[in-house]
Ligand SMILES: CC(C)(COP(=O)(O)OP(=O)(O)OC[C@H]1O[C@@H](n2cnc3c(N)ncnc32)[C@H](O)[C@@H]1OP(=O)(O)O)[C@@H](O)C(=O)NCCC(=O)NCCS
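Only one chain is shown below, in structure tokens, and it's the form predicted on its own.
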Amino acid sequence: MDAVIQGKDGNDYRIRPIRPDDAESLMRGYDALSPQAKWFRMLHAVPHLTPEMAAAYSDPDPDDEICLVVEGQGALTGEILGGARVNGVGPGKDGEFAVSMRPEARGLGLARRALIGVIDIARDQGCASVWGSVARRNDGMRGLAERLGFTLRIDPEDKTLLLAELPLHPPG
């Protein structure tokens, strides 16, 4: 998917697959997040992305992972605003999703569009469902998951988390 999407601010943004040369922008974008947003994204304390982590995130295995990013504009031209990914894709698999967006891009509907994009690709690749762990205090992600039809339930292994699940294909 390489497309132009419109944000709630009326501006057009490019959404596209992540590339290896996005690693440095990913590091800068992660550093722009608040400590709480970093925790919500990683579900544990990761103060900074290392170059190795950023390189791994920006060069996913195309047979196992989908990652779409949204490009910035204006003062953030050339930067990644955020995006969504699904790990563990393939026929009959249950892929794990994640979403992240720089603070400057929150509230524009871009995270929603990126998540819908990776869900659609996962569905096209035959995934049975997508799921993710969401911090119970992460109201933004909880609301997005609910609006997209995910079922939310308390994680039996960690009561501070919710499991968000969305079936993509009927069983059988």
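Small disclaimer: the values here were computed from a predicted structure and weren't measured. Residues carry their position along the shown sequence, with the first being 1.
Just so you know, the form predicted in complex with the ligand exists too; it's not on screen, but the next bit is about it.
Remark: all three candidate residues (Phe40, Gly143 and Arg147) come within 4.5 Å of the ligand in the model of the complex, counting heavy atoms only. Taking a 4.5 Å heavy atom cutoff to the ligand in the model of the complex, the contact residue among Ala111, Leu49, Val69, Ala122 is Ala111.
Proximity of Val89 to the ligand in the model of the complex: non-hydrogen atoms within 4.5 Å are absent; the residue sits far from the partner. Of the heavy atoms in Asn138, some are within 4.5 Å of the ligand in the model of the complex. Within this chain, Arg106 lines the site of the ligand in the model of the complex, having a heavy atom no more than 4.5 Å away.
Although the partner is absent from this view, Lys8 contacts the ligand in the model of the complex, with a non-hydrogen atom inside 4.5 angstroms.
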